[in-house]
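Shown next are two forms of a single protein chain, provided one at a time as structure tokens under the names structure 1 and structure 2.
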Structure 1
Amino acid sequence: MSYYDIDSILTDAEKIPCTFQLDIPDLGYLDNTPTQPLKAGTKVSLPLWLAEMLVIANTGGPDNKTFVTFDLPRALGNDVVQALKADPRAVPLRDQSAHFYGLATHMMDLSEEQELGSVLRKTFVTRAAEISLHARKVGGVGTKGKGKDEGSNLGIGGAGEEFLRGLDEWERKLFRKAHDGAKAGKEWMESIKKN
């Protein structure tokens, strides 16, 4: 991940539900009570970059507590994981988070989730095969996968568009790559007939 990678920066801005473990003065405005100190046990959504730092750092106190503890964001919650286990293709990941996989890999770095990794891996490859199928079928020049199926010879109608709309950023990049390959192939096939 490069320093200038815009997707990585946007992933860092995803909100994580965190619970403060300490009373912190002058941070009350985070909980809409500007005059009070922020109480221990308050739940606040923090961006990933901040939450990560607060989770890793400890307060240096005698009990070695960390500033905050975090829960998995809703995008990686139990509901979503169960749905992914059932059928990876049926879940519109973009509705959960536009940077679903980026967020998920970050969270796996922080937490000790054994199961999440294998579920994600299976999800990614199953959906990748589906993406490749759609990328080959979307025809025409420069449609860029915005749901135009003029060159399609399979009856991909609403279902295909629905699926493509649910792709997160990683998958969109993958779609782009697969589509570029298929498009270059088509263009070459046409060029060979001309000369």
Structure 2
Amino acid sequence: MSYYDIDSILTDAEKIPCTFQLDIPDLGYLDNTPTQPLKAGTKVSLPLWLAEMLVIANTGGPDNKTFVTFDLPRALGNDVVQALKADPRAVPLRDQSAHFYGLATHMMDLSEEQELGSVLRKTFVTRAAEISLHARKVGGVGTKGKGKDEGSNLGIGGAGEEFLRGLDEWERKLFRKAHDGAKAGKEWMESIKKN
């Protein structure tokens, strides 16, 4: 991803629940107590970019005590993971996070959660097949007698709109590429038939 990639910037802004394990002077403003130190045991939601830096710097002291721990965000919580295990197609990922897969890949790098990777892999493969199927069907791709732009509505309206609403940003990009590819393939086949 590029430094200027808006999806990357928005993913890095996702909030991660963190718990400070030590008293930290001059950071009370994170807990709305600006004149006090941040107390041990305080739970604070921090942006992913900051939580990531704290985890990397979290080497622990001589007594091997870390100064911050984090939990998986709600978007990757146990309820969501269990629903994804049951049927990945039934979970609207955008309701969890607009950048679900971006957040998940960052959290897999930071977390020691073994099950998360396999659940996300199964989720992406299952949903990618569904996305490909919908991308070929929507918009009247290659329909004769229609205007030039008629086949590019990407399923707006009805079931297509509902389907698109549940896709996160990576899936929307995949949908767009699959739709454009199917449309270009049909246009090519029609041009071959005419010649």
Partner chain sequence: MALPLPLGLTHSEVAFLAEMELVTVVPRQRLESIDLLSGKTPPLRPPHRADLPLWLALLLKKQRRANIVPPPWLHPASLAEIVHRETKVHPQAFSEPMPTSSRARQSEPGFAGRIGGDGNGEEVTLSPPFQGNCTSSAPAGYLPYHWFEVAEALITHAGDDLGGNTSEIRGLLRDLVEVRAAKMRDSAETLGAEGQGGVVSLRGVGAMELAENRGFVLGVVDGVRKIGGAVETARREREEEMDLGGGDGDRGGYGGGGDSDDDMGI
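Keep in mind that what you see is a predicted model, and the values were worked out from it rather than measured. Only the largest set of C-alpha atoms that superpose within 1.5 Å between the two forms is called the rigid core. Residue numbering: sequential along structure 1, first residue numbered 1.
The chain appears twice here, and it is structure 1 that represents the form predicted in complex with its partner chain. The Cα position of residue 41 differs by less than 2 Å between the two structures after fitting on the rigid core. When the rigid core is held fixed, the Cα atom of residue 181 travels less than 2 angstroms between the two structures.
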